[in-house]
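Only one chain is shown below, in structure tokens, and it's the form predicted on its own.
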């Protein structure tokens, strides 16, 4: 048996792995998710914003490459703001990012058809030189952006009437697969004192921990795990409010898949090592 295991055709391993990837997407398992402090701090900060209080900025500062990790974050953040009736400004540092955040907005609006552009949210168009735009936002947002994404004058939007700069922003969240969050820290936080958080791919998360320790980042959503944590918090909020949303927790399902595949790989590694040592012992005895 052990010799057969050592000589197992690797295609069987590929087939088992494919099954482990596909099945959790079709039949979600719902593994429990432990919420870490960096995620909890972002959630608590948005929870502290009152309906008539400051706004929250959610900026998708990446292209489509890290979409599986970052897109669920964008959806959950916008949904959380809408549940709390928090005003939200949506933006992106590149053209793809603006399109992606607009797509996330449309997904969330299926549950919130009453939310209106210019009243509950403002979608800002792409503009080049993001560092300069962020500095202009710190001085006067009405000069940084002449119109919203739909071509409507910023000055005519009711939501923007009392929002002039970062003094009226409770939190800016940068969703990025790179280092765009550093631009927000350098200019929005250090120059104008705006609270900044980030949602970042798992591979980039370690770079953020020194900034979390110094308080330059309020919180962090790290990779698929961070997205699943925030989905869990927002799902609990939905249940608390008694809202009847049929949301699909994409990040939690993704974590189910990752967990199952990791477990199967560990089993294969253990069996392979056992087979190796057993067969080597048999050869030595012979």
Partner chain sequence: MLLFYILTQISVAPLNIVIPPNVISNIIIPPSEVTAYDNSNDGGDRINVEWSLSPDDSLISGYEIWRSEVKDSGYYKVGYIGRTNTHYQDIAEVKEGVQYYYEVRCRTSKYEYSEFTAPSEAATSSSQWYNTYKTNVLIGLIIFSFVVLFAIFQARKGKTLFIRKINGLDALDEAVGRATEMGRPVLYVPGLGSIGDIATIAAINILSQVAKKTAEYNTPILVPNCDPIVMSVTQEVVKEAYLEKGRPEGYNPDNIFYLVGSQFPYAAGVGGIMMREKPATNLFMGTFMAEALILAETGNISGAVQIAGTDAVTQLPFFITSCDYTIMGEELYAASAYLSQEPMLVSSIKGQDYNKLILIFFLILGSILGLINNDFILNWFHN
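None of the values given here were measured: they were computed from a predicted structure. Numbering follows the first chain given and starts at 1.
One more form of this protein should be noted, the form predicted together with the partner chain, which is absent from this view; the next part is about it.
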{"query": "The partner chain contact in the model of the complex: residue 193, any heavy atom under 4.5 Å", "finding": "no"}
{"query": "Proximity of residue 50 to the partner chain in the model of the complex, heavy atoms at 4.5 Å", "finding": "yes"}
{"query": "Heavy atom of residue 151 within 4.5 Å of the partner chain in the model of the complex", "finding": "yes"}
{"query": "Touches the partner chain in the model of the complex: residue 111 (any heavy atom, 4.5 Å)", "finding": "no"}
{"query": "Contact set, 191-207 vs the partner chain in the model of the complex - heavy atom within 4.5 angstroms", "finding": "203"}
